[in-house]
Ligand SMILES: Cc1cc2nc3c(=O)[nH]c(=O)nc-3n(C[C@H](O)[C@H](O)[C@H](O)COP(=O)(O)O)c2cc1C
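Have a look below at one chain only, the form predicted on its own, in structure tokens format.
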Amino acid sequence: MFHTVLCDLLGIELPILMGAMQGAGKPRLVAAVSEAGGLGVLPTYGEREADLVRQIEETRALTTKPFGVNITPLGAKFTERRAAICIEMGIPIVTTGLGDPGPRAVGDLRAAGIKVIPVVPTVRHALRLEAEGADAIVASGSEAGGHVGQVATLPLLPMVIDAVKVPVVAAGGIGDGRGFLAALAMGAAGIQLGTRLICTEESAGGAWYARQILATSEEGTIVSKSLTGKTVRAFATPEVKAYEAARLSGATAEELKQMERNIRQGRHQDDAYDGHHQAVVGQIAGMLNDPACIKPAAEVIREIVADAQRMADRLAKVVAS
């Protein structure tokens, strides 16, 4: 029932993509998602070229299923060099972050037979990247973790679907079978999961990351520029909230820079770290409050699909009656 055009395009069994997650999305999780029938995706943001090569090799040692690499467009040199590594190593699928990778990088990837799937926050971006040759589009709403735009998934998804001819994947605010089925009902060819996969046994995010997600309510995230200089949804820690309050009250650039340095020092720390923790997270963190939700990625994906199937069957009976 859930085999879509995206499955045929990417050679996968289920139309479920893994969002690229710096820190959490290492080879073990990427391979687990692919082995479960979805598409695991390695991040490149924050990784050196040698790290990317090593992680591609490690992932290939764990699975023979297709997996992808995400390239966050951080300037032409970064983007084109990572694209060259993907070409050299025969990566079949590349997703790109919330930005335009540029026609040269997209053209080089597609000329090498690589499928290119950009993540976009607006219809305008979707149209431009489709014109550059994208094979599919991920429409990512403001509910998502990481770099986000200003439009929520519910309005963004149908607008992008109506605007482009390529398959569209829904992202942002999706973490269970309800979101999966809703996205497909709206015309999406699949979904992208991020935050939900952090709470899995294969996640490399560390125990503190999962604990913080379990303790976070629906109001526990915030969009701020303090982490990367661009709008990012992350945990609403006291430090980030103080930064946003200072920014809105007219703090100087130097004062804000010092606050940014303090915030970034608290990122990607291990369990022994005694200070604040800061990391990106989506609004679905409020849905994840039971420690029992931390389970193998394959089990998470199976449950999402099974729940969606049950709900679809129930809706069919309602319609028939």
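Small disclaimer: the values here were computed from a predicted structure and weren't measured. Counting begins at 1, following the sequence as shown.
Another form exists, predicted in complex with this ligand; not displayed. Remarks below refer to it.
Although the partner is absent from the chain shown here, none of Pro92, Ala134 and Val169 has a heavy atom within 4.5 Å of this ligand in the model of the complex. Residues placing heavy atoms within 4.5 Å of this ligand in the model of the complex fall in a single listed stretch, namely 189 to 197, out of 101 to 109, 239 to 247, 84 to 92, 189 to 197. Using a 4.5 Å cutoff between non-hydrogen atoms, Pro121 does not count as a contact of this ligand in the model of the complex.
The shortest heavy atom separation between Ala126 and this ligand in the model of the complex exceeds 4.5 Å. Contact annotation for Pro43: at least one heavy atom lies within 4.5 Å of this ligand in the model of the complex. Remark: Gly282 counts among the residues lining this ligand in the model of the complex, judged by a heavy atom distance of 4.5 Å or less. Of the listed positions (Ala144, Val116, Leu156, Ala183), a single one reaches within 4.5 angstroms of this ligand by any non-hydrogen atom in the model of the complex, namely Ala144. With the partner omitted here, the residue from Thr221, Thr72, Gln212, Ser224 that has a non-hydrogen atom within 4.5 angstroms of this ligand in the model of the complex is Thr72. Scanning 19 to 50 for heavy atoms within 4.5 Å of this ligand in the model of the complex gives Gly19, Ala20, Met21, Gln22, Pro43, Tyr45 in sequence order.
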